[in-house]
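Just one chain is shown here, as structure tokens, and it is the form predicted alone.
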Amino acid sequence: MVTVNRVLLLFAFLVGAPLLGGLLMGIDRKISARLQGRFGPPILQPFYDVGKLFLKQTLVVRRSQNMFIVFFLVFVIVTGAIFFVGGDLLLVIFALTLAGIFFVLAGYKSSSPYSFIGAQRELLQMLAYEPMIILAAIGMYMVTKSFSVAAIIAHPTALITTLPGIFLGFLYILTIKFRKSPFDLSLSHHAHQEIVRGIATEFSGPTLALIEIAHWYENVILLGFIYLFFANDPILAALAAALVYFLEIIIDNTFARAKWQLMVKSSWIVTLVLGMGNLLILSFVR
């Protein structure tokens, strides 16, 4: 029965995550347009865009750059598969980091100055958000005594009650992971990027479609982390994830882009104060 449930969860993720991710992107565009005084595209526009990309010709500087994008998508899917079948949380983080490294390698491989700058900024973003993600996993282990996603979900109390600092710190770095202003330094989903589309500048056609789909999967995985903080109440957890995504849209349309120095410094300060502070208090209390 456990195996059957895991197969069903895996199938639900493989099919449902890109559908949900694309729908969230469409809602993002619609809300952003209304906040800017525009009507905005249809909510299903991201699906239309990806469909048209698959019909276009792929133009590449080097063929090997497409290989790295395929690996990027594959490891994002593997990350989500491990997460949603209740696997090891540390393995989830390592797999997601490996996916990000393949994305960076693809940017470097294209030999474009715009893509090269975007790849460098992507590395800086990873440097900024990775410590907080790892601390989140450590905090969940200290409370539940397990790195298993299934065990964390089964914990009788909401993790937000014992990990408020970790939660707030994770919210801060989510702006980087969702590629929202003020930290959309390497790649933006909106047309206000001064280096064109950053790391994805030299990708087109089906390859660009794969990048978009990978980001849809990734966004769902990130919202899954928010779910873990409220997992004892599934309805509350789903509402919290939706509210966090809406909050990120508001932040994206409120703040101008910051410099990379501010991103790294502020992320590390938040990680040290909120993340480490929460863990220290937890270690003394428990």
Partner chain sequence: MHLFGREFVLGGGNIIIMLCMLALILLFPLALLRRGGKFIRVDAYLAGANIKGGTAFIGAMQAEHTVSMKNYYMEEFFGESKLFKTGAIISLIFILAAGVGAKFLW
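Note that the structure is a prediction, hence the values are computed from the model and not measured. Residue numbers count along the first chain shown, from 1.
The discussion below concerns the form predicted together with its partner chain, not included here.
Contact here is defined as any heavy atom lying within 4.5 Å of its partner chain in the predicted bound form, and by that definition not a single one of I133, P234 and L239 is a contact residue. Although the partner is absent here, A150 sits far enough away that none of its heavy atoms falls within 4.5 Å of its partner chain in the predicted bound form. At the 4.5 Å threshold, heavy atoms of Q57 reach its partner chain in the predicted bound form.
The closest non-hydrogen atom of D184 lies beyond 4.5 Å of its partner chain in the predicted bound form. Mapping the unseen interface onto this chain, M67 counts among the residues with a heavy atom inside 4.5 Å of its partner chain in the predicted bound form. Residue-level contacts in the predicted bound form: of I138, A154, V78, L171, one residue has a heavy atom within 4.5 Å of its partner chain, and it is V78. Scanning L124, L159, A209, V104 against its partner chain in the predicted bound form with a 4.5 Å heavy atom cut-off leaves one residue, L124. The stretch from 175-183, 83-91, 162-170, 212-220 that comes within 4.5 Å of its partner chain in the predicted bound form, counting heavy atoms only, is 83-91.
The partner is not shown here, but in the predicted bound form the stretch 243-275 reaches within 4.5 angstroms of its partner chain through a heavy atom at W260, Q261, V264, K265, W268.
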